[in-house]
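As structure tokens, one chain now follows by itself in the form predicted on its own.
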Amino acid sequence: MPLHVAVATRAFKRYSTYVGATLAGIFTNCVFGVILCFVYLEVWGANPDAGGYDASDAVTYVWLGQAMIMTVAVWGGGSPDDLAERIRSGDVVIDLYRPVGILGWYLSADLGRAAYHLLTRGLAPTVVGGLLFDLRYPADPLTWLVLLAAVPVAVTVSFGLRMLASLTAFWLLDDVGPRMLLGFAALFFSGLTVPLVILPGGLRELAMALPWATFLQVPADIWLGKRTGLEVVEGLAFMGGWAVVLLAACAWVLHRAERRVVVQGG
């Protein structure tokens, strides 16, 4: 554990060096957040209870989405991309020789990255949104604790998906295609484009069962009080279940991929 904490800490410090990029990202999140809020207000003005949300729920959802974009790396990035580059260069052999598992190492790095983005590109836009719009906040302190537990699980699910895409580099030698497909799927099925709760019946049920629902929709429903009591437990179990399944899949693919490592022709 001390090693993994150190890896996470170094990842946090690494991303904290890009102050200019962080400030530009915060500005971008705020601009898009404002634009989406006005769009959502028009939609909910025409249909005040769409998906069981009211207008305040809708604009709150917008800023939660802006906070989670970089935290869960909706469009990819983070430590799995670093691994993909090391696979292409052959440097992955150094990772295989380390006396620590690759998954644990890169997951720790990604959690450190996520922590930095949550405290910067997550917190700052939410504060701006709270100043500009009437947002809804959890009244129960327990809900805040549940959310603190849910965010790293969401990051882990995202990590599992991104890692699977990166591991295809062992076979394809280039993971750009899988990462692009993953990004398109995440953009829609995470609920970032529109809340999953307003999708039509069958499509909504499908989207809510897929791992991308853990990125935003499930945490947002907990924040907004749409999940209470046993439903909160079910939501966390859903997220944790996908995290376990995806990490297990990564471990299996990585085990198969180790046989394909070729360095200097050997």
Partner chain sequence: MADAVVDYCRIASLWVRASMAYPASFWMMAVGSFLMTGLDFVAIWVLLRNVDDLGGFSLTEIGFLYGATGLGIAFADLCVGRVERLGQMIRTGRLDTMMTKPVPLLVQVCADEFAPRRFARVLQSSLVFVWAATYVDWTLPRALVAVEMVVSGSVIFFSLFVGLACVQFWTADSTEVANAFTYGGNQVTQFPMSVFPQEIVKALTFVLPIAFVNWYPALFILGRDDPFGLPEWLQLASPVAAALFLGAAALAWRVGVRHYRSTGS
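Numbering follows the first chain given and starts at 1. In this text the structure is predicted, and so the values were computed from the model without any measurement.
Below, we turn to the form predicted in complex with its partner chain, even though it does not appear here.
Contact check for Ala251: no non-hydrogen atom falls within 4.5 Å of its partner chain in the predicted complex.
Contact between Ala21 and its partner chain in the predicted complex is found at the 4.5 Å heavy atom cutoff.
Its partner chain in the predicted complex comes within 4.5 Å of no heavy atom belonging to Asp134.
With a 4.5 Å cutoff on heavy atoms, Trp144 does not count as touching its partner chain in the predicted complex; it lies far away.
For the candidate spot formed by Ala220, Ile222 and Val232, no residue has a non-hydrogen atom within 4.5 angstroms of its partner chain in the predicted complex. The contact residue chosen from Leu119, Ala149, Val127, Met180 relative to its partner chain in the predicted complex is Met180, the criterion being a non-hydrogen atom within 4.5 angstroms. Proximity to its partner chain in the predicted complex, defined as a heavy atom within 4.5 Å, holds among Val176, Val100, Ile94, Leu123 only for Val176. For its partner chain in the predicted complex, the listed stretch (237-245, 26-34, 223-231, 208-216) containing residues with heavy atoms inside 4.5 Å is 26-34.
Contacts between stretch 180-199 and its partner chain, counted in the predicted complex as any heavy atom lying within 4.5 Å, involve Met180, Gly183, Phe184, Leu187, Phe188, Thr193, Val194, Ile198, Leu199, listed in sequence order.
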